[in-house]
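In structure tokens, the next block holds one chain alone, the form predicted on its own.
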Amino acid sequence: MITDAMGLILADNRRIQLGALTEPRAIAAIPFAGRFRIIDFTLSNMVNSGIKRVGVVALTKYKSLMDHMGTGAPWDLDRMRQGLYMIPPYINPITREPDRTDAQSVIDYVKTGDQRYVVISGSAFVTNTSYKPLIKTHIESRADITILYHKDGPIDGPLAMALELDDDGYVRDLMVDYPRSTSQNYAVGLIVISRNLLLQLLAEMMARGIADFSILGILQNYKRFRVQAVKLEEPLLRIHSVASYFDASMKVLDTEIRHKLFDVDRPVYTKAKNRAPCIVAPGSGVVKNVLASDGCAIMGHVENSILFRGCVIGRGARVTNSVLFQDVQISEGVVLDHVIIDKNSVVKMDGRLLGHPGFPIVIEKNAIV
């Protein structure tokens, strides 16, 4: 069933940086859970909720994102009408830099759609949920804006939006990045708004010379409009730092969370890359609690780790509590613990990289260590 709403995904945010992980890509394009990207979960949520028109706003470093999404075929968004839209920034003809006044490109996208509502999502979280109940509640309540929140506060990280709610579930106060907040209610980074109201707010932004279109910018109008809050019941993995990304990745290894994140009734779609099944060689060490993707070859000891496609673990190597991106090569005798290694990197023989749960070591893309 098609939903009377279009989707809008904000693929990057300058306030959220993950060091070497976001150096070559937008946060939405960061690999996650073995064979996916962060944006796959939001795109899949929208498609599974009957949203067939989705725009992706990418202001910087969007080459990796465009390569991953392609025509939108994995999400059934390669359509003659509706479908997937990439919304890059306008380029300033004088400075040759992206124009941060990106409201006009969003206006163009929203105006050309015929849906009555818009679901706007950030990219600093991973969850698997249906947006249909959220949209239905928004319509029935006649709220101006409906925001999704989770009771997982307090949160120490950029863009932590604490919500104070009244007895009817409407936002009466909003505090951002306030370390002393007593609220447990924190915005997820996803709202529902009518198409007409969004166009009005975008026009006001341009008239005032406001350069940055964001969910926070919309929510700051909570005193002008009726902003309703709806609680997210499903597990939520927030990603706003290297430590939180590592923590979210480790939580995927928990069987209960993984089954909820990959609910069979709400599939998570991604770009397919056909490779041979993962191989665990005879005589290898212990392989325990490992999420290994296709194309991997394990000849050493691997425990509590995530291996993306094509990873090779050499004989005598010991990999624990680590996340290895696509085509990472771990040579013989290497010891890794609490490490994140970006794609196409190599760790040479007998190397040792030992991090800490709160401070994992991050190796950049295409590195030789």
Partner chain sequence: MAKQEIIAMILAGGQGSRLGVLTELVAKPAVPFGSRYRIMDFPLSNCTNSGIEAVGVLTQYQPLELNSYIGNGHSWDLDRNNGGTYILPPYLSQVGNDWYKGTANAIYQNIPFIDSYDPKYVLILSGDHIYKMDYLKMVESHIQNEAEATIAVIEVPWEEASRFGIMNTDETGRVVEFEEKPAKPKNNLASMGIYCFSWKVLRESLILDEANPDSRNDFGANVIPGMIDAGYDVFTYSFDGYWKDVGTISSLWESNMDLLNDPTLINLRDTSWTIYSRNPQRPSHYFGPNSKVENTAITDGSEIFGECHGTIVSYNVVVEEGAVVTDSILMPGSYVESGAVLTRCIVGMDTRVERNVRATPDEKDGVDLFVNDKLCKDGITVFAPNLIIKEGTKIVGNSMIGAEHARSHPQYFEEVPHYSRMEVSL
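Since we're looking at a predicted model, the values are computed, not measured. Positions refer to the first chain, counted from 1.
Same protein, other form: the form predicted together with its partner chain, not shown, and the subject of what follows.
S.K.: Please determine whether each residue of 15, 59 and 196 possesses a non-hydrogen atom within 4.5 angstroms of its partner chain in the model of the complex.
M.R.: Looking in the model of the complex, the three residues 15, 59 and 196 all stay beyond 4.5 Å of its partner chain (heavy atoms).
S.K.: Taking 4.5 angstroms as the cut-off for heavy atoms, does residue 55 touch its partner chain in the model of the complex?
M.R.: So residue 55 does not count as contacting its partner chain.
S.K.: Should residue 259 be classed as touching its partner chain in the model of the complex when contacts are defined as heavy atoms within 4.5 Å?
M.R.: Residue 259: yes, in contact with its partner chain in the model of the complex.
S.K.: Is residue 255 close to its partner chain in the model of the complex, meaning a heavy atom pair under 4.5 Å apart or at it?
M.R.: Yes, residue 255 lies within 4.5 Å of its partner chain in the model of the complex.
S.K.: Can you tell me if residue 34 lies within 4.5 angstroms of its partner chain in the model of the complex, counting non-hydrogen atoms only?
M.R.: The answer is yes: residue 34 has a heavy atom within 4.5 Å of its partner chain.
S.K.: Within 4.5 Å of its partner chain in the model of the complex, counting heavy atoms only, one of 271 to 279, 235 to 243, 131 to 139, 112 to 120 shows up; tell me which.
M.R.: It is 271 to 279 that comes within 4.5 Å of the partner.
S.K.: To verify the annotation, which of these, 312, 47, 334, 30, has a non-hydrogen atom within 4.5 Å of its partner chain in the model of the complex?
M.R.: For this set of options, the contacting one is 312.
S.K.: Of 127, 185, 293, 214, which residue is found within 4.5 angstroms of its partner chain in the model of the complex when only non-hydrogen atoms are counted?
M.R.: That would be 293.
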